[in-house]
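The chain below stands alone and is given in structure tokens; this is the form predicted on its own.
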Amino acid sequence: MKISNGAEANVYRSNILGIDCVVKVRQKKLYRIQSLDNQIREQRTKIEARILALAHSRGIAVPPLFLVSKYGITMGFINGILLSKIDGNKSVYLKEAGILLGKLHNNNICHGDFTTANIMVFENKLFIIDFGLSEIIESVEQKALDILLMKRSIGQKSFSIFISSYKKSSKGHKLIIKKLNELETRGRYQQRSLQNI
């Protein structure tokens, strides 16, 4: 059963040997040369699977990885609700989200789309999902972009809770937040500075 139709991949719910699963399949891009498209889809699938496995091995809450095919990933189904869909006070969840992003960055994992729409809440525990744009990279700027994306998905008061928690969890938070301030002064990233947080 299809549960999501994304720009990069379609996501299906399935059941393998009695275990609820999610199967993510990267779709063909007709505007690309077929051989190049196949190469890109295969490479991105391998990278995403590797990052899921690494994050899970480091104790970071992500869906467990079960199978990897040429263009698809089968992982555990998290029967929760997206953080973006939760009404009311999200303070506790935002604190945990800051800790989780800090753990990712400590392992040089940049999510690439770290927003409340890619955080699942299940039994009051958070799981990070959708690593389709993620990278294993030491880049301070890429880590700052993860924070900027979260900032833009929540309000300033909520962001203060998130970033306070992130700073306690991230080993390199000073350099990353400094880079975030720089990004926000550039053209398309221009927003209020974080110097006072």
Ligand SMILES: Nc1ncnc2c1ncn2[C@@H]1O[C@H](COP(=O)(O)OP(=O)(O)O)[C@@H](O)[C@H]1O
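Position 1 is the first residue in the sequence shown; the rest follow in order. Computed from a predicted structure; not experimentally measured.
Omitted here: the form predicted in complex with this ligand. The next part is about that form.
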### Query
Quick check: do Ser4, Val22 and Met120 each get a heavy atom within 4.5 Å of this ligand in the model of the complex?
yes
### Task
Would you point out which of 144 to 152, 158 to 166, 124 to 132, 33 to 41 contains residues with a non-hydrogen atom within 4.5 Å of this ligand in the model of the complex?
124 to 132
### Query
in the model of the complex, which of the listed residues (Ile78, Ala97, Cys110, Leu83) lies with a heavy atom within 4.5 Å of this ligand?
Ile78
### Query
Is there a non-hydrogen atom of Ala9 within 4.5 angstroms of a non-hydrogen atom of this ligand in the model of the complex?
yes
### Query
Even though the chain is shown alone, can you say which residues of 50 to 71 have a heavy atom within 4.5 Å of this ligand in the model of the complex?
Pro63
